[in-house]
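Listed next as C-alpha coordinates is one chain, alone, in the form predicted on its own.
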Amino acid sequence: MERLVLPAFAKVNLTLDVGIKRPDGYHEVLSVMQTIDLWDTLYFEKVPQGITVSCPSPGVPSGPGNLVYRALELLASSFPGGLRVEVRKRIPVAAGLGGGSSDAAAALKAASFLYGLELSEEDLVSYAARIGSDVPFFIIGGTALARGRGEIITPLPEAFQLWLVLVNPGFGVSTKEVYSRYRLRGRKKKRTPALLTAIEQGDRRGFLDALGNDLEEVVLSLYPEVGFWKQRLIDLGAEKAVVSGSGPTVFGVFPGEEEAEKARAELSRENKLEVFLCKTVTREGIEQKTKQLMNTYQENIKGRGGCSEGV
(Lines give C-alpha, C1' and ligand atoms only; values in the text may rest on other atoms or scores of the structure.)
Protein backbone atom coordinates (compact mmCIF):
# COMPACT_ATOMS: atom_id res chain seq x y z
CA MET A 1 0.00 0.00 0.00
CA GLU A 2 1.34 3.43 -0.97
CA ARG A 3 -1.28 5.66 0.64
CA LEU A 4 -3.22 5.65 3.88
CA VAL A 5 -5.75 7.88 5.64
CA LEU A 6 -6.30 7.82 9.39
CA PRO A 7 -8.57 9.72 11.78
CA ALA A 8 -6.95 11.27 14.85
CA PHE A 9 -9.57 11.57 17.59
CA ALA A 10 -9.72 14.24 20.30
CA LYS A 11 -9.96 13.51 24.01
CA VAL A 12 -11.37 15.04 27.14
CA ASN A 13 -10.02 14.62 30.65
CA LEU A 14 -12.83 13.24 32.78
CA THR A 15 -10.58 13.78 35.78
CA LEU A 16 -7.21 15.45 36.16
CA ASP A 17 -5.52 15.23 39.54
CA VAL A 18 -2.23 17.13 39.59
CA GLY A 19 0.42 16.19 42.13
CA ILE A 20 3.93 17.24 43.04
CA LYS A 21 6.50 18.49 40.59
CA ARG A 22 8.94 15.83 39.48
CA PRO A 23 12.73 16.17 39.09
CA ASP A 24 12.25 16.25 35.30
CA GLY A 25 10.09 19.38 35.62
CA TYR A 26 6.76 17.66 34.96
CA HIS A 27 3.99 17.22 37.53
CA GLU A 28 2.75 13.84 38.65
CA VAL A 29 -0.75 13.40 37.27
CA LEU A 30 -3.59 10.96 37.67
CA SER A 31 -6.24 11.30 34.99
CA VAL A 32 -9.02 9.37 33.31
CA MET A 33 -8.94 10.28 29.64
CA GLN A 34 -11.69 9.62 27.13
CA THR A 35 -11.78 9.60 23.32
CA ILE A 36 -14.58 11.60 21.70
CA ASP A 37 -15.91 11.61 18.13
CA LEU A 38 -14.22 14.80 17.01
CA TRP A 39 -11.26 14.06 14.78
CA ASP A 40 -8.58 15.39 12.46
CA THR A 41 -7.95 13.51 9.20
CA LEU A 42 -4.39 12.68 8.17
CA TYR A 43 -3.39 11.63 4.64
CA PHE A 44 -0.14 9.70 4.28
CA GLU A 45 1.75 8.89 1.09
CA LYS A 46 5.00 7.01 0.67
CA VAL A 47 7.68 8.98 -1.17
CA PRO A 48 11.28 8.08 -2.10
CA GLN A 49 12.82 10.10 0.72
CA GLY A 50 12.26 12.81 3.31
CA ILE A 51 9.42 13.84 5.57
CA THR A 52 6.95 16.51 4.52
CA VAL A 53 4.09 17.66 6.76
CA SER A 54 1.57 20.23 5.56
CA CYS A 55 -1.57 21.66 7.10
CA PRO A 56 -3.76 24.42 5.66
CA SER A 57 -5.04 25.54 9.08
CA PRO A 58 -3.63 28.79 10.52
CA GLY A 59 -1.27 28.43 13.45
CA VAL A 60 -0.29 24.84 12.70
CA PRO A 61 3.42 24.42 11.88
CA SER A 62 4.26 22.43 8.77
CA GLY A 63 7.84 21.42 9.52
CA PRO A 64 9.80 20.12 12.52
CA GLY A 65 7.59 22.15 14.86
CA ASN A 66 4.72 19.79 14.12
CA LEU A 67 4.39 16.74 16.39
CA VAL A 68 3.61 14.62 13.33
CA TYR A 69 7.03 15.48 11.91
CA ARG A 70 8.71 14.67 15.25
CA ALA A 71 6.91 11.32 15.39
CA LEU A 72 8.05 10.34 11.92
CA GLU A 73 11.61 11.46 12.66
CA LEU A 74 11.74 8.91 15.47
CA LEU A 75 11.03 6.10 13.02
CA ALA A 76 12.81 7.47 9.94
CA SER A 77 15.89 5.33 10.39
CA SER A 78 13.69 2.21 10.41
CA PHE A 79 12.17 2.58 6.93
CA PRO A 80 13.85 2.93 3.53
CA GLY A 81 11.82 5.81 2.07
CA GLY A 82 9.97 8.89 3.19
CA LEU A 83 6.45 10.10 3.91
CA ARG A 84 4.34 13.00 2.79
CA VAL A 85 1.57 13.95 5.22
CA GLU A 86 -1.34 16.34 4.96
CA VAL A 87 -3.15 17.17 8.20
CA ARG A 88 -6.71 18.44 7.94
CA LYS A 89 -7.75 19.88 11.27
CA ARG A 90 -11.13 19.84 12.93
CA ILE A 91 -9.86 19.71 16.49
CA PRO A 92 -9.12 23.26 17.73
CA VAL A 93 -5.44 24.02 18.32
CA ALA A 94 -4.05 24.43 21.87
CA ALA A 95 -7.52 23.70 23.22
CA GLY A 96 -6.99 21.00 25.87
CA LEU A 97 -8.31 18.33 23.50
CA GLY A 98 -5.01 16.72 22.51
CA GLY A 99 -5.26 17.34 18.77
CA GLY A 100 -1.53 17.60 18.10
CA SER A 101 -0.78 14.58 20.26
CA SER A 102 -3.45 12.52 18.53
CA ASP A 103 -2.04 13.48 15.12
CA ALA A 104 1.40 12.32 16.27
CA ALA A 105 0.03 8.97 17.44
CA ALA A 106 -1.67 8.49 14.07
CA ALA A 107 1.63 9.21 12.34
CA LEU A 108 3.41 6.48 14.32
CA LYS A 109 0.70 3.98 13.39
CA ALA A 110 0.75 5.01 9.73
CA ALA A 111 4.53 4.71 9.37
CA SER A 112 4.50 1.28 11.01
CA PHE A 113 1.72 0.07 8.71
CA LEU A 114 2.91 1.54 5.41
CA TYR A 115 6.49 0.31 5.84
CA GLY A 116 5.65 -3.01 7.48
CA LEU A 117 7.56 -2.27 10.69
CA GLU A 118 5.18 -4.49 12.67
CA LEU A 119 5.52 -2.39 15.81
CA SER A 120 3.51 -3.73 18.72
CA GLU A 121 1.19 -1.52 20.73
CA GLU A 122 3.83 -1.55 23.47
CA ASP A 123 6.47 -0.38 20.97
CA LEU A 124 4.20 2.40 19.72
CA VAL A 125 3.48 3.58 23.27
CA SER A 126 7.20 3.67 23.99
CA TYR A 127 7.88 5.86 20.95
CA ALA A 128 4.83 7.99 21.76
CA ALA A 129 6.14 8.76 25.25
CA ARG A 130 9.23 10.35 23.70
CA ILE A 131 7.07 12.86 21.82
CA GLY A 132 4.74 14.17 24.53
CA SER A 133 2.84 13.21 27.66
CA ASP A 134 -0.56 12.79 25.98
CA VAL A 135 0.63 10.89 22.90
CA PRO A 136 0.67 7.39 24.49
CA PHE A 137 -3.02 7.68 25.36
CA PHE A 138 -3.90 8.09 21.69
CA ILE A 139 -2.15 4.83 20.82
CA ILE A 140 -4.60 3.11 23.22
CA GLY A 141 -7.74 5.28 23.01
CA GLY A 142 -11.18 4.67 24.50
CA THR A 143 -11.29 5.11 28.28
CA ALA A 144 -7.93 4.90 30.02
CA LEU A 145 -6.09 5.84 33.19
CA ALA A 146 -2.99 8.02 32.74
CA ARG A 147 -0.29 8.15 35.43
CA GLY A 148 3.23 9.46 35.85
CA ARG A 149 3.55 12.59 33.73
CA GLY A 150 0.67 11.18 31.70
CA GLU A 151 2.64 8.61 29.71
CA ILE A 152 1.76 5.48 31.73
CA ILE A 153 -1.53 4.29 30.25
CA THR A 154 -3.85 1.58 31.57
CA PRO A 155 -6.97 0.74 29.51
CA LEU A 156 -10.17 0.82 31.54
CA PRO A 157 -13.58 -0.76 31.09
CA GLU A 158 -15.56 1.51 28.81
CA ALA A 159 -17.32 4.21 30.80
CA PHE A 160 -20.87 5.42 30.26
CA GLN A 161 -21.57 6.70 26.79
CA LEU A 162 -21.79 10.45 27.22
CA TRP A 163 -23.30 13.17 25.07
CA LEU A 164 -21.13 16.25 25.27
CA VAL A 165 -21.23 19.83 24.09
CA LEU A 166 -17.80 21.40 23.73
CA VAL A 167 -17.28 25.15 23.74
CA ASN A 168 -13.97 26.52 22.53
CA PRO A 169 -13.60 30.27 23.20
CA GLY A 170 -11.52 30.74 20.06
CA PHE A 171 -8.06 31.20 21.53
CA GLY A 172 -5.25 28.83 22.48
CA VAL A 173 -3.76 28.28 25.91
CA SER A 174 -0.18 27.39 26.76
CA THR A 175 -0.09 24.14 28.70
CA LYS A 176 3.32 25.10 30.05
CA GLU A 177 2.02 28.40 31.42
CA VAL A 178 -1.02 26.81 33.07
CA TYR A 179 1.12 24.20 34.82
CA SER A 180 3.68 26.84 35.85
CA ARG A 181 0.92 28.76 37.64
CA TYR A 182 -0.56 25.71 39.33
CA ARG A 183 -0.03 25.53 43.07
CA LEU A 184 -0.62 22.38 45.08
CA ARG A 185 -2.89 23.41 47.94
CA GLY A 186 -3.32 20.18 49.85
CA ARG A 187 -6.74 19.76 48.24
CA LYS A 188 -9.31 17.20 49.27
CA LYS A 189 -8.90 13.62 48.13
CA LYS A 190 -8.27 12.88 44.47
CA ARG A 191 -11.20 12.63 42.07
CA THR A 192 -9.82 9.80 39.95
CA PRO A 193 -10.27 6.93 42.45
CA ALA A 194 -13.91 7.95 42.93
CA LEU A 195 -14.45 7.97 39.17
CA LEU A 196 -12.88 4.52 38.81
CA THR A 197 -15.19 3.19 41.51
CA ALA A 198 -18.22 4.74 39.80
CA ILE A 199 -17.27 3.13 36.48
CA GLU A 200 -16.82 -0.26 38.15
CA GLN A 201 -20.16 -0.01 39.95
CA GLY A 202 -22.11 1.50 37.05
CA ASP A 203 -22.93 4.51 39.23
CA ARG A 204 -23.75 7.41 36.89
CA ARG A 205 -24.44 9.88 39.69
CA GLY A 206 -21.16 9.06 41.36
CA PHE A 207 -19.46 9.30 37.97
CA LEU A 208 -20.78 12.81 37.38
CA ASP A 209 -19.86 13.92 40.90
CA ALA A 210 -16.26 12.76 40.39
CA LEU A 211 -15.66 14.68 37.14
CA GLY A 212 -13.22 17.54 37.62
CA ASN A 213 -9.85 19.12 36.83
CA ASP A 214 -7.23 20.57 39.17
CA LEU A 215 -6.03 22.96 36.46
CA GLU A 216 -9.47 24.51 36.04
CA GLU A 217 -8.91 27.11 38.78
CA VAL A 218 -5.78 28.35 37.00
CA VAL A 219 -7.51 28.51 33.61
CA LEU A 220 -10.47 30.43 35.04
CA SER A 221 -8.18 32.92 36.79
CA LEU A 222 -6.32 33.60 33.54
CA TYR A 223 -9.40 33.59 31.29
CA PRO A 224 -12.59 34.51 33.21
CA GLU A 225 -14.67 34.11 30.03
CA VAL A 226 -14.09 30.35 30.27
CA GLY A 227 -16.03 30.43 33.54
CA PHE A 228 -18.87 32.17 31.75
CA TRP A 229 -19.14 29.38 29.17
CA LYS A 230 -18.95 26.76 31.89
CA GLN A 231 -21.93 28.34 33.65
CA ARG A 232 -23.75 28.80 30.35
CA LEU A 233 -23.54 25.04 29.71
CA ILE A 234 -25.01 24.39 33.15
CA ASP A 235 -27.79 26.89 32.47
CA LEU A 236 -28.60 25.04 29.24
CA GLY A 237 -29.03 21.73 31.03
CA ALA A 238 -25.56 20.20 31.43
CA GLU A 239 -25.37 17.81 34.36
CA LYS A 240 -21.73 18.81 34.83
CA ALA A 241 -19.33 21.13 33.01
CA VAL A 242 -15.55 20.81 33.20
CA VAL A 243 -12.50 22.39 31.57
CA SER A 244 -10.62 19.75 29.56
CA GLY A 245 -6.89 19.43 30.18
CA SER A 246 -5.14 22.79 30.32
CA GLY A 247 -8.10 24.43 28.57
CA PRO A 248 -9.61 26.57 27.37
CA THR A 249 -12.25 24.17 25.96
CA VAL A 250 -15.12 23.40 28.33
CA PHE A 251 -17.28 20.32 27.92
CA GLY A 252 -20.77 19.88 29.31
CA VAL A 253 -22.25 16.44 29.96
CA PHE A 254 -25.92 16.18 28.96
CA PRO A 255 -28.53 13.53 29.77
CA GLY A 256 -28.92 12.56 26.11
CA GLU A 257 -28.44 13.49 22.47
CA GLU A 258 -31.61 15.60 22.22
CA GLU A 259 -30.70 17.77 25.19
CA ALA A 260 -27.15 18.16 23.95
CA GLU A 261 -28.29 19.16 20.45
CA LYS A 262 -30.63 21.82 21.85
CA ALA A 263 -27.78 23.31 23.87
CA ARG A 264 -25.42 23.22 20.90
CA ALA A 265 -27.97 24.95 18.68
CA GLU A 266 -28.61 27.66 21.27
CA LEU A 267 -24.91 28.35 21.79
CA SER A 268 -24.31 28.44 18.04
CA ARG A 269 -27.10 31.00 17.59
CA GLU A 270 -25.81 33.17 20.40
CA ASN A 271 -22.14 33.35 19.50
CA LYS A 272 -19.48 32.97 16.84
CA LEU A 273 -17.66 30.32 18.81
CA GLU A 274 -16.58 26.80 17.96
CA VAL A 275 -19.29 24.61 19.48
CA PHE A 276 -19.26 20.85 18.96
CA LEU A 277 -21.78 18.15 19.71
CA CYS A 278 -19.87 14.96 20.49
CA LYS A 279 -20.26 11.58 22.07
CA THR A 280 -17.66 9.40 23.70
CA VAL A 281 -16.03 6.68 21.58
CA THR A 282 -14.89 3.22 22.60
CA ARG A 283 -11.77 1.48 21.29
CA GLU A 284 -14.04 -0.63 19.11
CA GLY A 285 -15.67 2.54 17.79
CA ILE A 286 -12.26 3.96 16.89
CA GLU A 287 -11.42 0.81 14.91
CA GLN A 288 -14.74 0.91 13.09
CA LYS A 289 -14.36 4.55 12.09
CA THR A 290 -10.79 3.97 10.98
CA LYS A 291 -11.82 1.05 8.73
CA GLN A 292 -14.72 3.04 7.31
CA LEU A 293 -12.50 6.01 6.49
CA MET A 294 -9.79 3.83 4.95
CA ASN A 295 -12.27 1.93 2.78
CA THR A 296 -13.88 5.13 1.51
CA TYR A 297 -10.49 6.66 0.80
CA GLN A 298 -9.27 3.65 -1.14
CA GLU A 299 -12.46 3.68 -3.24
CA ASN A 300 -11.91 7.38 -3.98
CA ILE A 301 -8.33 6.76 -5.04
CA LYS A 302 -9.43 4.06 -7.48
CA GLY A 303 -12.21 6.24 -8.82
CA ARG A 304 -10.07 9.34 -9.26
CA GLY A 305 -6.87 7.86 -10.55
CA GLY A 306 -4.92 8.39 -7.37
CA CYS A 307 -6.34 11.75 -6.42
CA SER A 308 -5.80 12.35 -2.70
CA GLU A 309 -8.86 14.47 -2.12
CA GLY A 310 -10.79 14.24 1.12
CA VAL A 311 -13.48 11.67 1.71
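Counting begins at 1, following the sequence as shown. Bear in mind that the values here come from a model prediction, so they are computed numbers and not experimental data.
This protein has a second form, the form predicted together with a small molecule, left out of what is shown; the following refers to that one.
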Legend entry - Among the candidates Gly256, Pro56, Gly65, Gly50, the residue which, in the predicted bound form, approaches the small molecule to within 4.5 Å (heavy atoms): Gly65
Legend entry - Proximity to the small molecule in the predicted bound form, single hit among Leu124, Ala210, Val178, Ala95 (heavy atom within 4.5 Å): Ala95
Legend entry - Contact test, all of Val60, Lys89 and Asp134, partner the small molecule in the predicted bound form, heavy atom 4.5 Å: yes
Inset, instruction - Choose one stretch from 234 to 242, 95 to 103, 216 to 224, 148 to 156: the one whose residues place a heavy atom within 4.5 angstroms of the small molecule in the predicted bound form. - result: 95 to 103
Inset, instruction - May I ask you to check whether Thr280 falls inside a 4.5 Å heavy atom distance of the small molecule in the predicted bound form? - result: no
Legend entry - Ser246, heavy atom within 4.5 angstroms of the small molecule in the predicted bound form: yes
